[in-house]
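Given next, in structure tokens, is a single chain: the form predicted on its own.
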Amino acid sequence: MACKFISNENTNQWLEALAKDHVVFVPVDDGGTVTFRPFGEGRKLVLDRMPVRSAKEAVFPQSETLLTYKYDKDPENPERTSVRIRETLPKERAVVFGARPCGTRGMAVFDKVFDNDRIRDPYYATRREHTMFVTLACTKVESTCFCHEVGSGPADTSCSDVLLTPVQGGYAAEAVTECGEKMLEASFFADGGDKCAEAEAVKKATREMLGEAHDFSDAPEKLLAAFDDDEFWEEQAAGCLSCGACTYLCPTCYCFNITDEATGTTGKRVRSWDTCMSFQYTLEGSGHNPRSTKAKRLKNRVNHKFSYFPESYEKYIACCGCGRCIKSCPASVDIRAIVKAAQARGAEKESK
């Protein structure tokens, strides 16, 4: 990867230039919560803390209109109606600046689900194609970080176009994709020089802070072995409040609901985030609910990320290890501890 350098002063000017023909999402403090908002005058970047909300909203908005419709009555026969539908594909081009590598890695899960050989979600695919990611390598770790245990790392370049690493006076910038290479052609960037070696030292030091990685490779079989152990799952879910904060903050969660919002003969079809931790999520029209308890819902969430998804997608764990679900959970439910408990349970049974 080509390596260049951009000073702190030029970084702001670069963002201003990008904002002329892109929506540039940057992490800012919004009411005490670091989240991504469009770059603009008066917006102060917060780059020394992991954003509470990930950057997935840039390609998978919390709420989006898929289409609008209008019913027209036949004036010759009022009992007959026709419907006109207008697709509302996104058109804007965007840049996400300052996302952490773990958060951007979540796009790899979305890519497998929304844009594969069998299915192409045009809304997601269009935004994904029109959005560039400039990620920021981590220089410190938190107790909830475990990216290195799920195949990632503090300088992971998965789904990034440019990786920035903080160095003295600015950032070392590495192009990951062709789009990233073009971005680094801007006049704001200088030759990397010794900043590149400094960046490698920063990345190495941060990785060492994480320590040795736990091995989750046998998690799928151990979780399935515990599938019918209701006592185990009720114990794991004892503290869960079913608030769904874990799923809404997760960079890899993609559950959604679709509703029609009508006014007279016109309306729109809206896709909104949903959560599998909600009782209503799997409530059937008959009144039956296959996941009627929070233990069953937590079992599904954990198994989906560490068992079902890896089975469907070449052992790829649908968790980026960012730890947002642990850090922001009101009851401190720890998904990595649940998986480790299932592994320990399985190992104990096998030893008998």
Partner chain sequence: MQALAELKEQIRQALPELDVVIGWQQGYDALHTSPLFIRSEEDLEKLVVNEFCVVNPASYLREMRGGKKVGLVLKGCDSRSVIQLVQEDLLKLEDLTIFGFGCNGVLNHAKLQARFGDIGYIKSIENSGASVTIEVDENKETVPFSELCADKCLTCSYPNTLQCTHFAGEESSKEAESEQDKALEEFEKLSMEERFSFWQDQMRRCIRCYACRNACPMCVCKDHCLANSRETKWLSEEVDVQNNFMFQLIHVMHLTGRCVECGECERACPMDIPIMLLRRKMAGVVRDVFAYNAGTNAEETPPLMCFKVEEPTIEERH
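As the structure is a prediction and not an experimental result, all values here were calculated from the model. Residue numbers count along the first chain shown, from 1.
Heads up, the form predicted together with its partner chain isn't pictured, but that's what we're talking about next.
> Which one of these stretches, 72-80, 190-198, 123-131, 248-256, sits within 4.5 Å of its partner chain in the model of the complex when only heavy atoms are counted?
It is 248-256 that comes within 4.5 Å of the partner.
> Since only the chain is shown here, I'm wondering whether Leu45 would be in contact with its partner chain in the model of the complex (any heavy atom pair within 4.5 Å).
It does not: once its partner chain is placed as it appears in the model of the complex, Leu45 has no heavy atom within 4.5 Å of it.
> Under a 4.5 Å heavy atom criterion, is Leu184 part of the interface with its partner chain in the model of the complex?
The answer is no: Leu184 has no heavy atom within 4.5 Å of its partner chain.
> Answer for Gly211 alone: is it within 4.5 Å of its partner chain in the model of the complex, judged on heavy atom distances?
Residue-level check for Gly211: no, no contact with its partner chain.
> Taking 4.5 angstroms as the cut-off for heavy atoms, does Val141 touch its partner chain in the model of the complex?
It does: once its partner chain is placed as it appears in the model of the complex, Val141 has a heavy atom within 4.5 Å of it.
> From the list Cys179, Leu224, Val113, Cys243, which entry has a heavy atom within 4.5 Å of its partner chain in the model of the complex?
Among Cys179, Leu224, Val113, Cys243, a heavy atom within 4.5 Å of its partner chain in the model of the complex occurs only for Cys243.
> Heavy atom within 4.5 Å of its partner chain in the model of the complex: which residues of 305-335 qualify?
Residues within 4.5 Å: Ile326, Lys327, Ser328, Pro330, Ala331, Ser332, Asp334.
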